[in-house]
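To begin, one chain is listed below as structure tokens, in the form predicted on its own.
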């Protein structure tokens, strides 16, 4: 997926003499009102149209003011206010971490100078001030605009051409993370990509409602004493207070009428007789056993608003109390209620008594959901704007790489950051997620070999002489991969194998043999996401781990000319360099993905990771396709030897 570009940009970066230009833009808050003019009711000395200086905050009308900076010596185009304060911008735009799945946040540091300034651009009322502005540009800006964290910033990388043309620039979107004042007036601005939002948000959101009264696992149980079509008489040990069990549910556990559940509409404590809301289909008798349980709980005053109503969200909602998960179906003020006693003890948990004052924590659950839908949910619920997520591209990945075997059924019963959740899930589907600053979207890709032929980078045409370095990442090599799935309880310790119902193991005994590596390298994964039905998915996962890391991957560091910088993060490229050769010493094309790049204007520093594409691979051939080697477009099953029909090595199943 090449970086976005324009004809003007392509022409400028291909020119023999290029003048790279970087422009930094900060979107800061400002008030759209005019001081003292309705709706602003302020009087006296004018403010500076920022919230920190506002004298009529109830009528503050938040808008955006963009402040722009460029390097000294940059030709200022007509009609633009570019302050030549920018010293440099350093840092990697994107750094994909294949093992974590969720890329390290793009982090840039901009260094700027400071100087005295007449305040003409920043003060809308400068002409009416009694005295001239004091201090310097940055000291005043930071005093007036303390609420800059999380505001949008853009780094615009382009070229100075005559006449000036903004189409030579490529825009990257970030958020302001920090502004520091250093020695000698130097300003340091740290920019992060918007996926930093996933570090802050918690899923599920923390809730602090507490039980107003005790919630028993079972309110009463025993042998039916008598029954009619609309009543049931309980054991003498049942509650003796009138109406004490109103709104509770009685369930017939076994014998006559077993399996029926009815809500108690009235209860006579003296006789222990309950009237039910609708008649029995089969009236129980004195051989039947019953169980009575609550169908609601009451939270401490005012806390009900923290718990979403399923009628509004359109999805199933759950809470956790102690070690039990309960599905609730309605919210009314501070009361959470459910339809049936079967809503208790969900996701493998056990029904239990809960004391007054116990915390009621909201949960987040999915049932048989496509894994990519879950990923989008995690992003959106971390407050990532939907417009910043490449939902179309992610949906295309779902249809191409995943199926029903990769559907998620899981319950998150305690708050965690979206980052940690994504770093847990993404490696299990051989995928990576990152912020693409040029496209200004969160992107996703599957880190498996693709069929399309990628571009080629060579020592002669692309890679800057003397810049190529290769590291062998032996710590990542694997010979033994195990995955446990089907978590038996949503509140169990998910890092212990005994709490999982199923396990899948893949072992490469050849790699472990004395003639090869002669050791065992093990990775164990505990998957809370995939249930019993996903056994095939988990077998794929452990098998792919060994395909990818049976031999140690390599990291390649190099430099390329900006004219050749067309790839985005996670794009594939074939690298042909004297640093990577075949058995005869000749350079061999090595399939890699771009994991990191840093555009320094005169050169681009890149990092790549090798992909396990040393053997033939392809899509499995549909029924009726001609035998190999007559039809070589698709992958075919090998002979028993095992070789293909022409004696070549068999295809890899990825």
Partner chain sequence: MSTALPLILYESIFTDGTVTASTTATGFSPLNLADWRPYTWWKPTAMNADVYIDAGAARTIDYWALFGHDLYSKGVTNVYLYGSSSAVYSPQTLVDSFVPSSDGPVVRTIASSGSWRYWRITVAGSTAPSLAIAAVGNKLQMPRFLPRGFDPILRNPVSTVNRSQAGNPLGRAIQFEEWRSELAFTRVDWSWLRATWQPAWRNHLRGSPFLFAWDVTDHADEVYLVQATGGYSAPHVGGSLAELRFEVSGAAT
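None of the values given here were measured: they were computed from a predicted structure. Numbering follows the first chain given and starts at 1.
Below: the form predicted together with the partner chain, not depicted.
Trainee: Does the trio 201, 424 and 475 actually contact the partner chain in the predicted bound form, every residue with a heavy atom within 4.5 Å?
Mentor: The answer is no: none of the three residues contacts the partner (heavy atom, 4.5 Å cut-off).
Trainee: Report whether the minimum heavy atom distance between residue 259 and the partner chain in the predicted bound form is within 4.5 Å.
Mentor: Residue 259: no, not in contact with the partner chain in the predicted bound form.
Trainee: Any of the heavy atoms of residue 591 lying within 4.5 Å of the partner chain in the predicted bound form?
Mentor: No - in the predicted bound form, heavy atoms of residue 591 and the partner chain never come within 4.5 Å of each other.
Trainee: Since only the chain is shown here, I'm wondering whether residue 115 would be in contact with the partner chain in the predicted bound form (any heavy atom pair within 4.5 Å).
Mentor: Result yes; residue 115 sits at the interface with the partner chain in the predicted bound form.
Trainee: Under a 4.5 Å heavy atom criterion, is residue 81 part of the interface with the partner chain in the predicted bound form?
Mentor: Although the partner chain is absent here, residue 81 would touch it in the predicted bound form, with heavy atoms inside 4.5 Å.
Trainee: May I ask you to choose, among 440, 289, 467, 230, the residue with a heavy atom within 4.5 Å of the partner chain in the predicted bound form?
Mentor: Flagged contact: 467.
Trainee: Looking at 298-306, 116-124, 201-209, 273-281, which one sits within 4.5 Å of the partner chain in the predicted bound form if you count heavy atoms only?
Mentor: Single hit among the candidates: 116-124.
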